[in-house]
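What follows is a single chain, given as structure tokens, in the form predicted alone.
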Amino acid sequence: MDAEVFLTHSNVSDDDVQDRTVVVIDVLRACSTIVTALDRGARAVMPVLDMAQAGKLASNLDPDVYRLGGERGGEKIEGYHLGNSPEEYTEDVVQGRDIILNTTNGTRALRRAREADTLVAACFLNAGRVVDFIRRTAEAVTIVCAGRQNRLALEDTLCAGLLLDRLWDGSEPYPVTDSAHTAYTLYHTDRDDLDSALRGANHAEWLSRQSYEADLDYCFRIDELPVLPYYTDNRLRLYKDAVSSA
């Protein structure tokens, strides 16, 4: 399968994603939170760029049918209902509601890729579901790693490598792009002790110092949830719901 990888979202343009199947990865923590919210009954997740866009969306909704979620600098935004920790998105909080999500990296990556022909959100939690979807529906894929502060994030790159390893059945084709080779090779280097590599990532170490160790334990689980967040009408919904209402 033809695959392109962007190791950060900062240099992704509309031309890079148009007419492509695109997978956006943000392991820590936006995509993990999106997958979790949808699994626990959220009606949709609306990724936004900033507080102004979030506020505009919220002003047009009944307060009972949405929740504001997100972070800046890893911490919950003042006045929001929720932060960016998946464990906050419990069934009793999100079921039947729209989540307006505003994060430093992940939601911006999703917004950059919104012109894709097909756009889904991925993390370790739903890696198997994403791979199954790509195999069934696409001959080529573009993987966009959110990264962190416009730099490579090890956890996102390793997740991209895991997806490629499965899509390529463990054998790298030739030729591939430099970035795809980097993600695939890095995963193969670290896969025998993947948990240690992930916990040694800069972002993981920072979250651990901020007492978010439970988020790491959760976000690094592989194939935990068979959930596919599918982007349509400026929001992410469960793929089966999005397709049935199209």
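Sequential numbering from 1, following the sequence displayed. Since the model is a prediction, treat every value here as computed from it, not as a measurement.
Although not depicted, the form predicted in complex with a small molecule is the subject of the following passage.
- Residue contact with the small molecule in the predicted complex: residue 67 places no heavy atom within 4.5 Å of it.
- When contacts are judged by a 4.5 Å heavy atom cut-off, residue 90 does not count as touching the small molecule in the predicted complex.
- Although the partner is absent here, residue 44 sits far enough away that none of its heavy atoms falls within 4.5 Å of the small molecule in the predicted complex.
- Within this chain, residue 198 is remote from the site of the small molecule in the predicted complex, having no heavy atom within 4.5 Å.
- Stretch 22 to 30 is the answer when you ask which of 36 to 44, 183 to 191, 59 to 67, 22 to 30 has residues with heavy atoms within 4.5 Å of the small molecule in the predicted complex.
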